[in-house]
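Just one chain is shown here, as structure tokens, and it is the form predicted on its own.
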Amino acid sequence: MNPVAMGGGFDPNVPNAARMYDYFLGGKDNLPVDREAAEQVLRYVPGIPLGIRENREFLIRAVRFLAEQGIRQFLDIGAGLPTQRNVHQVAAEYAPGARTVYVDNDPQVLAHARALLQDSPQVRVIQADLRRPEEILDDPEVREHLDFDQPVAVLLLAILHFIPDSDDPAGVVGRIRRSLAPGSYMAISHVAVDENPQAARPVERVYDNASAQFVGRVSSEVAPFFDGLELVEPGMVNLHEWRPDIAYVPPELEKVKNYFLCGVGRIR
């Protein structure tokens, strides 16, 4: 899945961050307004589709790793529009019976997810906003489905760069981290603009008119999101560098230092 939209109800005249993400992935769940905004972004950062595909591959590897560590509960915040090999599907491959809760604030995302997952007893879908983490953690349906006295894996993939500094994203991550039992994990991915800082502001302007505000951050601003976590090897790295299944590196990324950072950390 993909990033949450932070806005309210459906408006066909407003570009939607989740539908733009779907367009970048080559999906069909998007509208002309989303495609127009996405094409504007691609003019500044043509490599976005590659980064999004790498984020999907990171999700798969991270969930597999977490299942191998014995995790049987997954909380995916900012889940986005359903696509292929979502968290619950990957978890089921390596940990049959694992339970998953998807969280999003976008009505279209929720409608799609509930329609697809209504016959999946191991899955729940709730509406909530990452900026108010207590509403997620205290939600009765979440509490019914997940046991927070036991380890839980929280996934914050391609979502924190849609939370402005004014909403204290590091503080939000910290509140979630402190609510988890020892042995829990957090997996985080976040765009980094180190390689192309001059493109950050034009892209931010495109998203200023969309359902979610994009925030371009450099790697030194992303690193604090991992504070308090015991990062597993290889630490905070680019998506394609995190425990790759094969040694192949896309030519476009061979010389890139920081473009889309990720990591998985354990809670002591």
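Quick note: we count residues from 1 along the sequence shown, nothing fancier. Note that the coordinates shown come from a computational prediction; the quantities given were computed from them, not determined experimentally.
There is another form of this protein, the form predicted in complex with a small molecule, and it is not shown here; the text below is about that form.
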Hey, in the model of the complex, is R131 touching the small molecule, heavy atoms inside 4.5 Å?
yes
Any chance F162 has a heavy atom within 4.5 Å of the small molecule in the model of the complex?
yes
Does N30 make contact with the small molecule in the model of the complex, using a 4.5 Å heavy atom cut-off?
no
I'd like to know if R56 sits close to the small molecule in the model of the complex, meaning any non-hydrogen atom pair within 4.5 angstroms.
yes
Suppose contact means a heavy atom within 4.5 Å; in the model of the complex, does that hold for all of Y21, N105 and L157 with the small molecule?
yes
Could you spot which one of A192, A79, V101, A153 gets a heavy atom to within 4.5 Å of the small molecule in the model of the complex?
A79
The small molecule: the contacting residue among A91, L75, V109, A187 in the model of the complex [heavy atom, 4.5 Å]:
V109
Within 4.5 angstroms, counting heavy atoms, which one of the listed stretches 141-149, 178-186, 162-170, 193-201 is next to the small molecule in the model of the complex?
162-170
